[in-house]
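Encoded as structure tokens, the following chain is the form predicted alone, with no partner shown.
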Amino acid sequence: MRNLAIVLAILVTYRGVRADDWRQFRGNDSSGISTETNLPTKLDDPKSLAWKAPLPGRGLSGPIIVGDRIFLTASSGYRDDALHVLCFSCATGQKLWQRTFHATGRTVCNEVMCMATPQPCSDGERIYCYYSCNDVVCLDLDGNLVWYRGLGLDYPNVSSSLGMSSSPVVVDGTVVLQLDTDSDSFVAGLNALTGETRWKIAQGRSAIWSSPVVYRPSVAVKPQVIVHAKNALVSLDPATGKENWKVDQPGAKIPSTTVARNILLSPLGQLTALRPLGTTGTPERLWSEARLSPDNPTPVAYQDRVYVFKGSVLTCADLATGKTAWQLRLKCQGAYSSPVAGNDHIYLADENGILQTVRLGGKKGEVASRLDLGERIMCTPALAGGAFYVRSDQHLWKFADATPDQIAH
């Protein structure tokens, strides 16, 4: 009975975290999915805009939400070498604190990008911010510095003239970073409490901008970290860096793998559905479909369907077979922001600042709202606490339904 109580307590904690927080790129479980049913769906309704807050400098990194606080990064300065970490109140949009650090690594990158391109992550107690200059900052939730690591000093060959954009994940006390460039490439696990290197695994030299994802279909299963390598998709043990398995096939360099419960959707030349067989053995290949191959945004799987946002077209396919169900052409242009889903809607943002929600559930998707923010959007939005959060070049925005029942909730 005691063991059962412990397991139940873990399950309750896990579900509560998933419902209330958005702690890393594409959510706590790397799926891009929210299970909340009170998310706003009419973003073009003026009443849905709860607040917007000005931001310093620039940033392509999306927001993360821990409890009643929002955290995100920015960078500024003539050399883009001022690295900011910001904390806002979810309720009011008030800036609670801001910390600024000086970059120790190289700050040259493509003009579209900046040092605050990777999205931060959190374990619920600390915030881990990785910047394109290969600096890593760890703060507690009140903004106190825990540790600072200049990886460019330790590994000077890891540098990209275009910039680094892979977002970190934190798993059971280890911060996992993917640093892949044409001059040097590796995946590293840092001690979440000290910043010290626990393990470092060399990869084939190749510029890759996709992010590692956490695969953990249930709390009873040992977690895996899935990374894209030059010629393979690799599963690693986050505690040791030991390779669990790999699929010898080159993958996409920008979109990441999607977690769909116990299935991985990986852009291996063409979008491929894989079912891992535990932590050993090559995963079972369920299907591959070239028509679903993404360009920049990472696909999302929602309610037994897969959604790929490519150019101006949203494609819906069956998760079990990869067969296309419908396509919807949208009034938008190219996007780097990955779609997220919840409350029977897909949430999309294009590079020009157009937000759109697409209603699901019918024979074909239907545009439910369209809003032009008038500012560039490069980040992936977040869904948490009954709200939609997105970061543009100049502002952080919160949208939430303003009905009396949901305000009380």
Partner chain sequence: MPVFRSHADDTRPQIETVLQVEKEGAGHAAAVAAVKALEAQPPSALLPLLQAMDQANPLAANWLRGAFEAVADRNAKQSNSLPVDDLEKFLLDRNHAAQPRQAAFDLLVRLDPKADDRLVPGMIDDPCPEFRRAAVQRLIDAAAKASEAKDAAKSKSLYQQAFAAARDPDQLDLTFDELTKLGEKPDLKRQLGLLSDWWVIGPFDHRKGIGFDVAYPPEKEIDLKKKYGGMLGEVAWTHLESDDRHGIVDLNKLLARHKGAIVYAYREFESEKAQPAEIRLGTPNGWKLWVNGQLAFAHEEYHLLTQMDQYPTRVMLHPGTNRFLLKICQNEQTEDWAQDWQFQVRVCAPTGAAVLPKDAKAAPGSAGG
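Just so we're clear, the structure is a prediction, and the values are computed from it rather than from any experiment. Positions refer to the first chain, counted from 1.
As for the form predicted together with its partner chain, it is not shown, yet the points below apply to it.
Chemist: Out of the stretches listed (139 to 147, 228 to 236, 289 to 297, 242 to 250), which one is close to its partner chain in the model of the complex, meaning heavy atoms within 4.5 Å?
Modeler: That would be 139 to 147.
Chemist: Taking its partner chain in the model of the complex as the reference, which of 270, 203, 315, 159 has a non-hydrogen atom within 4.5 Å?
Modeler: Filtering the options by heavy-atom distance leaves 159.
Chemist: Its partner chain isn't shown here, but in the model of the complex which of 324, 303, 194, 89 has a heavy atom within 4.5 Å of it?
Modeler: The residue in contact is 194.
Chemist: When the contact criterion is heavy atoms within 4.5 Å, does residue 319 count as touching its partner chain in the model of the complex?
Modeler: Answer no; every heavy atom of residue 319 is more than 4.5 Å from its partner chain in the model of the complex.
Chemist: Give a yes or no for residue 186: in the model of the complex, does one of its heavy atoms lie within 4.5 Å of a heavy atom belonging to its partner chain?
Modeler: Judged by the heavy-atom cut-off of 4.5 Å, residue 186 is well away from its partner chain in the model of the complex.
Chemist: Considering only heavy atoms, tell me if residue 108 and its partner chain come within 4.5 Å of each other in the model of the complex.
Modeler: Although its partner chain is absent here, residue 108 would touch it in the model of the complex, with heavy atoms inside 4.5 Å.
Chemist: May I ask you to state whether residue 331 is within 4.5 Å of its partner chain in the model of the complex, using heavy atom distances?
Modeler: No, residue 331 is distant from the partner.
Chemist: Taking its partner chain as it sits in the model of the complex, which residues of 97 to 113 have a non-hydrogen atom within 4.5 Å of it? Please list them.
Modeler: Counting only heavy atoms within 4.5 Å of its partner chain in the model of the complex, the contacting residues of 97 to 113 are 97, 98, 99, 100, 101, 102, 104, 106, 108, 109, 110.
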